[in-house]
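The chain that follows stands alone, in the form predicted alone, written as structure tokens.
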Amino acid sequence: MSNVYDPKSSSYVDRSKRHSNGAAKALLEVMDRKKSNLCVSVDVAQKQSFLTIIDTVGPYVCLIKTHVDIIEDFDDQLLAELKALSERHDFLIFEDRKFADIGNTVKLQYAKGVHKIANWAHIVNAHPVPGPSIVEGLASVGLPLGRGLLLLAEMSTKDNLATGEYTTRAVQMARQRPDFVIGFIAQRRMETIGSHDTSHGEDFLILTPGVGLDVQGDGMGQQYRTPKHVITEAGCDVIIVGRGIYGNGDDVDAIRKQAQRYQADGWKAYLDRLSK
């Protein structure tokens, strides 16, 4: 029997004890506490709609994913209300900024400007294209604040370029900074990629977009898989759902029911994975 540690067969709460990064530990603990591996991606352009959706789905999620740069009436009050909702409903905040520049530039983008992302986002992400300097620049800001970084190792859109050697290099970059890089945006587990000794218990968080229960695509290149495929079969950790929850209008009851539905399906897929 192999003694190699396998995150897929371990519970979220047990895995939380293996992570030194505060954001990773907090996310796994919230997932266990709320029985949810659901992240809702709230991609709307109006402040009130943004906050209403978050308040509605908040009880059912472990994570809210934002793109604050698309909000047309953005102000500091929005951030105050977002942080208050995070505390009230017990979820973390993931700003999907996709940093993609040299280290000094991303350091400024993370800490400064209108949005001051490091002040409120527990987790951010970055493209590995610029090389390790992007991780170092972000870590210089985020690590002292207990933040965590995800690298984009794979994407869910048709014909994307994040494959092969690109994915391998992203994993190698993460291994250089395990104190800050907590995982990946990806479609499968990353621990076995590249030449590496996994006997010490490597454990990356895998957050997966492109999850849907009712459709297989959106006509603009997005491809959807079910929670069962993503969590049980591919071994990923968090399902990211957006329009599948709030895409049919502003009916709060309908949004709530969809969030409950995805939470239940995602959690069942996780329990099925553990039972195997």
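For every residue, the number given is its place in the sequence shown, counted from 1. What you see is a predicted model, and the numbers here were worked out from it, not measured in a lab.
Note that the form predicted together with 6-hydroxyuridine-5'-phosphate isn't included here; everything after this is about it.
The partner is absent here, but in the predicted complex a heavy atom of 67, alone among 47, 67, 34, 228, sits within 4.5 Å of 6-hydroxyuridine-5'-phosphate. In summary, among the residues 109, 86, 167, 156, the only one with a non-hydrogen atom within 4.5 Å of 6-hydroxyuridine-5'-phosphate in the predicted complex is 156. Here the chain stands alone, but in the predicted complex its contact with 6-hydroxyuridine-5'-phosphate, taken as any heavy atom within 4.5 Å, falls in 90-98 among 113-121, 131-139, 77-85, 90-98. By the criterion of a heavy atom within 4.5 Å, residue 38 is excluded from the residues contacting 6-hydroxyuridine-5'-phosphate in the predicted complex.
Contact check for residue 193: no non-hydrogen atom falls within 4.5 Å of 6-hydroxyuridine-5'-phosphate in the predicted complex. Residue 63 falls outside the set of residues with a heavy atom inside 4.5 Å of 6-hydroxyuridine-5'-phosphate in the predicted complex.
Taking non-hydrogen atoms only, residue 53 never approaches 6-hydroxyuridine-5'-phosphate to within 4.5 angstroms in the predicted complex. Interface residues of 228-248, taken as those with a heavy atom within 4.5 Å of 6-hydroxyuridine-5'-phosphate in the predicted complex (partner not displayed): 240, 241, 242, 243, in sequence order.
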